[in-house]
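The chain below stands alone, shown as structure tokens; this is the form predicted on its own.
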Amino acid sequence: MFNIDFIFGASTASYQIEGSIDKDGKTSSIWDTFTKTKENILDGSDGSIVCDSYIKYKDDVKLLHELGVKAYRFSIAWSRVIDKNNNPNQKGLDYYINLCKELRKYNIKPYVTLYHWDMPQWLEDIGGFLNDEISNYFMHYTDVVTKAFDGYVSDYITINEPQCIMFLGHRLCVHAPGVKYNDKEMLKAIHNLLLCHGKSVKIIRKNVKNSTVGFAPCSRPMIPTTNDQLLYKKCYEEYYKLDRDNEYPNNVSIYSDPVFLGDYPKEYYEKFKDILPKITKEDLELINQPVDYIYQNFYSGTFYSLDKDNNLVKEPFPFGYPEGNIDWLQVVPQTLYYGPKYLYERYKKPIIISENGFCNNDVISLDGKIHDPERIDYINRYLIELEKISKEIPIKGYFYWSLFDNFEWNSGLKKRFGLVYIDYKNGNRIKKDSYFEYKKIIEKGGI
């Protein structure tokens, strides 16, 4: 069982659930633009309606209450609360204020993510993360939000999954805005993104009493196949290793080292010395603002062993190995043991799992219910591993991804992660078997 103060929650993100993409003064985001090109999305869908949570938020909060969670992580649509003139949009702010009021009515604590990938299109048009002023725009946005939410929100996450922002949005270009960066541009954009985080933390601390702050990267841990200490050491080193290759925007240390340790890893300066952005001592001090938690999004891992010469070897998943209904999600429960262990060993901060979930091919059964034993199995197996590591290091919470089926980015509406099924024909919400399983786990305080 987890400690009595362990945080059980559920997560969502604005573009993935809200709909109402042009209502009450909301301007276009990069995802509104990206989805207009239908071939960008697997099924040609977009975020115009999805779960319709902008309208149905009271019903959604009741579902959270019935689930028994005491925390709800959701994101703010930047383009809903700030207009094209960079001024506050009160109607957009009112939506989130009313959502927070509804959550508080049921004693559910809001955990607000400020950036979950949906930059206003007008900001992308003037350079996005390549614009050296982007951190000042983000600081202003943070100031508007934290002042508006005063008394309702004390827990903030600045940026979600910087790896996906850069690698998927600007290297593979399968996510919005789909604008490819060369290596020099990529390093500049990463640095500017980290400055957004640092300036945002300063504003949160200034405006919010008793605040907690973090940011939420993602990673795929290296899982040792045996208890050999040399294998563990090599897996740990590989987890943080930074190479100048196509994958470096997906790296852990290039983002987390500056935030938690105050500087980029030494390999950064060695391997990118010919294309480094301008980095000042003041920049690094700003990025290294004190934060309270390591938030981290974990879904899957990869197995490794040692060969006869003690070299690290990636092990293939055997034929028939369990996996989710999306190509990157193999069922590797040890992810929630080794991932937190690696992070705590390097950064020495309490850890909250800000996302963990399973994509399943869910259908409405003849009895009108959603039976998803694969997701139930996934949740139980992963939480067993998280309970195990929580006896060794401070694990403070777990947010299941996602409360709802939703718009799964470039995969569209066909990939379902939710505890609650969304019938996109009529907007009906159906609690899956996994919803009731997670409710039982919350009531017991663990597996």
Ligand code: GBH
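Bear in mind the structure is a predicted one, so any value in this text is a computation, not a measurement. Residue positions are given as counts along the sequence shown, with the first one as 1.
This protein has a second form, the form predicted together with the ligand, left out of what is shown; the following refers to that one.
- Here the chain stands alone, but in the predicted complex its contact with the ligand, taken as any heavy atom within 4.5 Å, falls in 110 to 118 among 110 to 118, 230 to 238, 205 to 213, 131 to 139.
- Checked against the ligand in the predicted complex, the residues Asn160, Thr335, Ser200, Ser79 give one hit for a heavy atom within 4.5 Å, which is Asn160.
- With the partner removed from view, the residue among Thr146, Asn192, Asn250, Ser253 that has a non-hydrogen atom within 4.5 Å of the ligand in the predicted complex turns out to be Asn250.
- Remark: none of the three candidate residues (Phe8, Ala71 and Asp372) comes within 4.5 Å of the ligand in the predicted complex, counting heavy atoms only.
- Looking at Tyr398, you'd find every heavy atom of it more than 4.5 angstroms from the ligand in the predicted complex.
- Interface residue remark: Tyr378 is not counted as part of the site for the ligand in the predicted complex, having no heavy atom within 4.5 Å.
- Using a 4.5 angstroms limit between non-hydrogen atoms, Asp283 is distant from the ligand in the predicted complex.
- Heavy atoms of Ser434 never reach within 4.5 Å of the ligand in the predicted complex, leaving it off the interface.
- No residues of 58 to 73 lie near the ligand in the predicted complex, the criterion being any heavy atom within 4.5 Å.
- Relative to this form, Asp132 and Arg244 separate from one another in the predicted complex, with their C-alpha atoms ending up at least 3 Å farther apart.
- The pair Asp245 and Asp132 separates in the predicted complex: their C-alpha atoms are at least 3 Å more distant from each other than in the form depicted.
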